[in-house]
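Before any questions on binding or motion, here is one chain by itself as structure tokens, the form predicted on its own.
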């Protein structure tokens, strides 16, 4: 999950490293560090815990030491091995202080390697990365590039590594397995990074390294190798799909991304649904319909998992296809029974989620049909899948995923309708669905106008330490997602239950100080939910209702948030914006860092 960055060229590397560490900070903000060197072998090593701004301050205090350090490596850390300390901060170095290493990933056999190396070397940190730096010294054969290949042959699991040899400062080397790595040439030299978000405002084209490839950066150029042989790599253009993060008028990136949801939904549907003719026009979906599919398995985690559960219900109810959802981290350890008539769908915002990626490898090895839904163009999962659709949600780099979930839901619903049309659906029924779907972005825009009302409610409810989120059927999963956001952003304890399940035990916790957020639109399940809400009220529980505008039963709630009416199949979209804004405002009341919640990072590239 960490972010790595490297530069080799003619300019001073320090400003580059600091600036692009800020762009990579969403990958981890427990600590940050840089190591820079020039051709005279003069070097600078700086480290700081917590945010990149702390590192920038330390560097600025020592600006009189700054020279033209034309080669450098940088790292922003999400702690996996060892606490958040300066000692555990990258870059790590060998005992002779000749080799400096930054690393993203997990070295699973690091304890075994460390036990061997401790017979000869002294360790100063608790990280798996320091083992790599000592291993470089141990295996050094007077050629840093061939040494890198020897080192990577010893490592088990996942890594993206960049190394500088202090005695040969004109050369920088890197390698990857599992973790992402890209390289590109700019006007002032050659750059290496964990992902595209660090470079979108400077690079015109980039190259993505594949597993087991190594790269040498030297004199402002680069060469990629595989098994010791030079590899000719294709480049991809950086176009308007890659935008630079900018908060604009908003206080936080999270709020900005929530306000982008209506346009994101339009983008996700654009080019796939013709709203004038009420038809689905998409080559990928047409090709998918050529396959004889009788089952769908969906592999995802986190917020994507909740989106997938809703999607699975749509596949069953709309497309009449059996669908199951697997938590990717658990699916890795289950018995896999491959089926050639099953469509395996893999979803990840980043396209790099480690456990999703590992299962994708296994499914492909069995010759099964794989389909990816990711946001990041050119990511590992996007490139590995047989087929796929991008969610087109634009750059979403701050930790809590919001707009991408809506885009994922839009893709899933479009797939469901397309597969239904290919089976039994009458065109007139499809047109009714599509007509309501066309109205949805405008309905979501209307919800953004409730911000002031939600802010008042958040101020009232921010005094509570525990919440229940309730929903029934598809809206149970919306409740799960909104409960997760409250935990992520405000660190307040929240749990989600199917509305009828509260009386099977959790009702024991209900008091006036344990409020319930009940998602209860006006549909065929409303009255059943109301019966459960009255049970809560009979025990002096506090209830915030998320209900359909104009619902005459609003008096049973202590407070309400209203949402527009839509087709039942679309109701999972509607509570998201108001309840995400509710979480944002509670986090503000509690003084939390909304964009960078404690202990979390955006791109989960370790299992």
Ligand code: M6R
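Computed from a predicted structure; not experimentally measured. Numbering follows the first chain given and starts at 1.
The following text describes the form predicted in complex with the ligand, which does not appear among the structures shown.
At a distance threshold of 4.5 angstroms between non-hydrogen atoms, residue 82 is out of contact with the ligand in the predicted complex. Residue 165 falls outside the set of residues with a heavy atom inside 4.5 Å of the ligand in the predicted complex.
Contact check for residue 485: a non-hydrogen atom falls within 4.5 Å of the ligand in the predicted complex.
In the predicted complex, the ligand sits within 4.5 Å of a heavy atom of residue 353.
For the options 319, 400, 310, 215, the residue carrying a heavy atom within 4.5 angstroms of the ligand in the predicted complex is 400. For the options 88, 490, 349, 447, the residue carrying a heavy atom within 4.5 angstroms of the ligand in the predicted complex is 349. The candidate stretches are 217-225, 301-309, 95-103, 435-443, and the one lying within 4.5 Å of the ligand in the predicted complex by heavy atoms is 301-309.
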